[in-house]
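First comes one chain, alone, set out as structure tokens in the form predicted alone.
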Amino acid sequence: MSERVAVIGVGWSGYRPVSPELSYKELMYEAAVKAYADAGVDPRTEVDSFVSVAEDFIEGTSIFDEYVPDQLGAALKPVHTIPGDGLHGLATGVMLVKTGQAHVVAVEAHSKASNVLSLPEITAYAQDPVLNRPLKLNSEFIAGLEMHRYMHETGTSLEQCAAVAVKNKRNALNNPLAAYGANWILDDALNGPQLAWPLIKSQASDHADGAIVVVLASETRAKVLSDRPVWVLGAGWCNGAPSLESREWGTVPYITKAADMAYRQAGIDNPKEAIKFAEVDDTYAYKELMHLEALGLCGRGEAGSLTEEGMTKTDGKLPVNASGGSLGMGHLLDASGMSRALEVVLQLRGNAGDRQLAEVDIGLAQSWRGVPTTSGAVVILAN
């Protein structure tokens, strides 16, 4: 358990609202080829184990790892599926390396959301089958309840939530991967149809297709294979109460617990000082604010005003979602967390192009698996 773990290769494909000309296998193959080239490894001989992040309900098939070996170069190699979020898959790869089960691991996450004709019904199926599912509550209704409670408890305004959408849409204009960049003003994020009061459609991310592959290596292998490793300092995760009746609504304690686990591993006592930038889940604009507070990057009820003041802009004290987040790039289903980690890696390498942040050495990626879950993960990365 003494060896550190590094990201030595990344690859991606897609990030478009629709991709009718490509199957999910082709998206994965494109991302894998780029990641292996970036890492300088041959998957057939140098990668010891493979992790795929997928949810069988969304994929429409069972035992999804049966469908991934060919396009990942993983034939006759250990492959398994994590039915969770991309950062859960990344954490699994880290554990495979740290426990000595593997020296090099490839982790894959993807979205082919445009293929799913009944996505709202599928996500609603995740609700408690006895207490909640018979009520036929859709995901936006539940998000609206949480948003209202959060705003009530913290005094956060609808304008402060809208400021998140404006910031992330504008950030996405500097990201060639982003599908939903726009030069919005506040009124653009305050107008439009209601999804479930007070949640407005303009403050909810739209889906995108894409795939991401990350190659992890032990410290020994990383020093041989890479001249620019990005080190995984800590990885934490937590699952909270599954039913709507037994959870907290104005806060997200599962994110705090996941962050505490990652901070402890990284030796971080004061995240406000240690973390230079963050990529956090913004499935809905208000969630970015909730998550910043839960991560300890600002005080309770402060995220909204700090966003209004510009602290989380790319030139602010704590840049948040310089990539554009899910609001700007598109929501990649269970690959969204991996998308956040990909941006952190690119920033730490100095490969983020026009959105490159100055003098960053430690970054945070955080994920949330979406309504109705209380499931999230946090990864701390450093160069």
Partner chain sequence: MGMRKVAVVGAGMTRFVRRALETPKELAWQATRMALNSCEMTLDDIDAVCMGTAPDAFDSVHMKGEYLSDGAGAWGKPYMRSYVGGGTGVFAPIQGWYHVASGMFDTCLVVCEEKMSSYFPHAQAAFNTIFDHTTERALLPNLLWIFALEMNRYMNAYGISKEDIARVAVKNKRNAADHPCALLGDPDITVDDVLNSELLAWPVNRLDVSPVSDGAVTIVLAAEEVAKRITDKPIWIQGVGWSLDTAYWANRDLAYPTYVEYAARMAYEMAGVKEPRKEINIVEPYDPFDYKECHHLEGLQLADKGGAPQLVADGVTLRTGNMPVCPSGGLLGVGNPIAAAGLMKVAELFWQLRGEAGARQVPGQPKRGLAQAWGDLMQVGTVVIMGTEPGGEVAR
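Numbering follows the first chain given and starts at 1. Only a predicted model underlies this, so the values are computations on that prediction, with no experimental measurement involved.
The form predicted in complex with its partner chain is left out here; the points below concern that form.
> Just checking whether L173 would be counted as a contact of its partner chain in the predicted bound form - the rule being heavy atoms within 4.5 angstroms.
No - in the predicted bound form, heavy atoms of L173 and its partner chain never come within 4.5 Å of each other.
> Might S49 be said to contact its partner chain in the predicted bound form, defining contact as any heavy atom within 4.5 Å?
Although its partner chain is absent here, S49 would touch it in the predicted bound form, with heavy atoms inside 4.5 Å.
> Within 4.5 Å, heavy atoms only: does A278 come near its partner chain in the predicted bound form?
A278: no contact with its partner chain in the predicted bound form.
> Decide whether E302 counts as a contact residue for its partner chain in the predicted bound form under a heavy atom distance cut-off of 4.5 Å.
Because no heavy atom of E302 falls inside 4.5 Å of its partner chain in the predicted bound form, the answer is no.
> Within 4.5 Å of its partner chain in the predicted bound form, do we find a heavy atom from each of D56, L76 and A241?
Checking in the predicted bound form: D56, L76 and A241 are all within 4.5 Å of its partner chain.
> Given that its partner chain is left out here, which of A266, A222, L199, A91 has a heavy atom within 4.5 Å of it in the predicted bound form?
When its partner chain is considered in the predicted bound form, the option within 4.5 Å is A91.
> Select from the listed residues P83, G250, G310, G192 the one whose heavy atoms reach within 4.5 Å of its partner chain in the predicted bound form.
Checked against the cut-off, the match is P83.
> Among 160-168, 176-184, 284-292, 67-75, which stretch has residues whose heavy atoms lie within 4.5 Å of its partner chain in the predicted bound form?
Every other range fails; the passing one is 67-75.
> Given a 4.5 Å distance limit between heavy atoms, list every residue of 334-372 close to its partner chain in the predicted bound form, or none if there are none.
Residues within 4.5 Å: R369, V371, P372.
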